[in-house]
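A lone chain, given as structure tokens: the form predicted on its own.
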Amino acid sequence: MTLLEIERASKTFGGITALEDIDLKIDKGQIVGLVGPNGAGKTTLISLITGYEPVSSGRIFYKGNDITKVPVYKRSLMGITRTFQVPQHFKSLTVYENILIPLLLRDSDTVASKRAYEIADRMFLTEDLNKEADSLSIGKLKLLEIAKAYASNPELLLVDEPVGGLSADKMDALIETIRGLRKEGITILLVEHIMKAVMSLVDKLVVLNFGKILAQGNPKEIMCQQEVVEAYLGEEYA
């Protein structure tokens, strides 16, 4: 079943084209990797899907419904949630309070409090629950981003560079956590530069370059393509 479908979506900022004619399908239950050089348009595509930026042309469908002009908060209520590459937390609130806020939109105080502790444990944040969020390291702020997004009960989760700043053991643990989210029925679009994490997780790989899809399909096959190697490393390595 196709959960998300993007048809010929483009995004321009003034005279600059950030994305051009993007066609993409994400099936329910998939983990799809979105990779490409810096400036390729990866975060912009997440912003189009979640409604933080309007498309300049093209359409976006979710569960067969056209959501091209649906605002951010309605997309969130429909189950589309994102994390941010630069963490967007409530700086003066504790880690516990940051996780609790989205839970309170759906659950009673008692249920939400219990779930906040469970989610913190799952995201390796139990020892930080009573700390102000702004005191955390960048790696733990990335984990808090995922915790907050998970607390909103997503069906489609778009994760923007979650691994950066994590130690090797925490990265391996987070990879297993993301696999666990998929087992719960959450479909994931993963933007990440660390290819160990990408290749160990994704069912489908999409490569962006200069705002266009360069390749998409089987991860191992895609990463062997000459044009993909050139986009990452330069022609001398292809």
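Please read all numbers here as calculations on a predicted model, not as lab measurements. Numbers for residues come from their place in the sequence shown, where the first is 1.
Heads up, the form predicted in complex with a small molecule isn't pictured, but that's what we're talking about next.
When you look in the model of the complex, the only residue of T43, T50, T187, T68 with a non-hydrogen atom within 4.5 Å of the small molecule is T43.
Shown alone, this chain has one stretch from 55-63, 197-205, 32-40, 178-186 that lies within 4.5 Å of the small molecule in the model of the complex by heavy atoms: 32-40. At a distance threshold of 4.5 angstroms between non-hydrogen atoms, A18 is in contact with the small molecule in the model of the complex. Under a 4.5 angstroms non-hydrogen atom cutoff, the small molecule in the model of the complex lacks K212 among its neighbouring residues. In the model of the complex, at least one heavy atom of Q85 sits within 4.5 Å of the small molecule.
Proximity of H193 to the small molecule in the model of the complex: non-hydrogen atoms within 4.5 Å are present.
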